[in-house]
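Just the one chain here, the form predicted on its own, laid out as structure tokens.
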């Protein structure tokens, strides 16, 4: 895994270790990270994003405890051979909470549903603005 594929938002109210963990879980669930794929070292991730190495270590340790990652002696952390995230039949479970929030906010703002869908398609790169 190239450390560049992570998207860390330091200003987010969500803790950085959780951002890292959630992104790795999604990458495993989508098949972008396959079993045996080595992750960048704690030091590499911390250096790339200018974050505390303990933050990265906490994320990796949590993923290891969940069975998503495994520690390979002398090599570092890798996606576990039998990762529970890879076995998830429904990847929608990762995005439904965010979609629910968008729906709630769109209703609160009384936005036209078609306009919201058009905007979402633009964000996904399917339509030109």
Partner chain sequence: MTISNTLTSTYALQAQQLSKRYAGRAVLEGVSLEVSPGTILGLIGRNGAGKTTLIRAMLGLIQPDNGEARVFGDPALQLTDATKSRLGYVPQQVDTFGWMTAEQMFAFVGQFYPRWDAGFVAHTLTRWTLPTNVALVKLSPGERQRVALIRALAAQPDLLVLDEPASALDPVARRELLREIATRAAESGTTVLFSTHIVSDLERVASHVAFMHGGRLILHDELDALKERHVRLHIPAATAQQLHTRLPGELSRRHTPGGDLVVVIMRPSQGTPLPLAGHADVRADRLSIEDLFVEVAQ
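None of these values were measured; they are calculated from a predicted model. Think of the rigid core as the biggest set of C-alphas that the two forms share within 1.5 Å after superposition. Positions refer to the first chain, counted from 1.
Not pictured, yet referred to below: the form predicted in complex with the partner chain.
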- Message: Quick check on residue 42: any heavy atom within 4.5 Å of the partner chain in the predicted bound form?
- Response: yes
- Task: Report yes if any heavy atom of residue 37 sits within 4.5 Å of a heavy atom of the partner chain in the predicted bound form; otherwise report no.
- Result: no
- 4.5 Å heavy atom contact, residue 82 to the partner chain in the predicted bound form: no
- 4.5 angstroms heavy atom contact with the partner chain in the predicted bound form for residue 71: no
- Query: Counting only heavy atoms and a 4.5 Å cut-off, does the partner chain in the predicted bound form sit next to every one of 21, 27 and 67?
  - Reply: no
- Query: What residues, if any, in 46 to 60 have a non-hydrogen atom within 4.5 angstroms of the partner chain in the predicted bound form?
  - Reply: 47, 48, 49, 50, 51, 52, 53, 54, 57, 58
- Inspect the rigid-core superposition and answer whether the C-alpha of residue 106 shifts by 2 angstroms or more between the shown form and the other one. yes
